[in-house]
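Heads up, the chain below is alone and in the form predicted on its own; it's given as structure tokens.
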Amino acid sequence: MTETTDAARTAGTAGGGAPAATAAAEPMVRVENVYKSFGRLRVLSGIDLQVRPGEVCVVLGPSGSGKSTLLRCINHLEKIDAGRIWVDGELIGYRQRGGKLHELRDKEVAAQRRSIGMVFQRFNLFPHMTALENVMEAPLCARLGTKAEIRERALALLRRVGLGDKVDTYPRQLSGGQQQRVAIARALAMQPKLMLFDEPTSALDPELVGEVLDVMKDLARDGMTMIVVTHEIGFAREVGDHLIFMDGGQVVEAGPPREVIAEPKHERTRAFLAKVL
């Protein structure tokens, strides 16, 4: 499954309701004892995670630690081998009957993804569409209003990410940072409850990273629930409510970002942070 295919599937189905209030008691995301292997390679080994509405959970870890796979399991781009994942109280990808899990049909999975927006490492915009058309495409396909209504919402989102003057511009005419901001607007176009970011700045030149992080900080201030896989330690420290460090498919350490970054308890966490700080 290529990233382009994933982005098209997610863009075509991502969306849902507005972010829930942070005071809600139930977690927005609940991951329990999740395992995932690719052939003989075990990528996730008993992952547990809870993210409450309005929280920003930052995921750190070396390459191959399972971070991206965890995100892809949360919106069922990858099927899990064991465990359970809930988003806003709804079991993702499966229906449970008599203690057994039965995988949902593709249409049912697509409906679940409407509440989950995802932004990939690569921007994966449709090259033959303008920025405005890219943002409008998913809600048009989902028939979430008239074309005029969808257009107005898309224009507002592009203004929100600082691209109000680029609505008729094609992806090839945009910088990497601008393309990623269009990708964020596209993911937001259907008002998801949850946003997943898979190293959204890793493909950008250093001088373009800040403009994407600023958009993400703005989303956090507005109460969007977010899980962010990143190596941007400053973002984790400033914006994150919760941080997990993964290695070898397991959560090695978790806690408030400032505490974990300043005084990591696990040797593996200390070694990783010494390299990236």
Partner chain sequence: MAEAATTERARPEPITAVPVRHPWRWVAVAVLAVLVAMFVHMLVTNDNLHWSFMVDNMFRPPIIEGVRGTILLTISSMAVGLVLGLVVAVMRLSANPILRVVAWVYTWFFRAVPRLVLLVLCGNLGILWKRIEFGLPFDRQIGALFGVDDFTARFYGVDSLSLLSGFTAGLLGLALSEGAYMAEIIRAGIQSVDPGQSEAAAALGLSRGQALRRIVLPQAMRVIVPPTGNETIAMLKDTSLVAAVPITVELFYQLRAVGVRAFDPFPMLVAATIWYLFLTSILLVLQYFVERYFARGYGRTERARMRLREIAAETGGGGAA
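Residue numbers count along the first chain shown, from 1. Worth saying up front: this structure is predicted, and the values here are computed from it rather than measured.
From this point on, the text means the form predicted together with the partner chain, which you will not see here.
Of the candidates 82, 129, 91, 203, 129 is the one whose heavy atoms come within 4.5 Å of the partner chain in the model of the complex; the others do not. Note on contacts: among 163, 195, 125, 71, the single residue with a heavy atom within 4.5 Å of the partner chain in the model of the complex is 125. Contact annotation for residue 86: none of its heavy atoms lies within 4.5 Å of the partner chain in the model of the complex.
Taking the partner from elsewhere, residue 106 is found to have a heavy atom lying within 4.5 Å of the partner chain in the model of the complex. Residue 137 belongs to the set of residues with a heavy atom inside 4.5 Å of the partner chain in the model of the complex. In the model of the complex, at least one heavy atom of residue 173 sits within 4.5 Å of a heavy atom of the partner chain. Contact annotation: the partner chain lies within 4.5 Å of heavy atoms from the stretch 179-187 in the model of the complex, the single such stretch among 150-158, 179-187, 203-211, 91-99. Not one of 237, 262 and 272 places a heavy atom within 4.5 Å of the partner chain in the model of the complex. Heavy atoms closer than or equal to 4.5 Å to the partner chain in the model of the complex belong, across 58-95, to the residues 72, 75, 77, ordered by sequence position.
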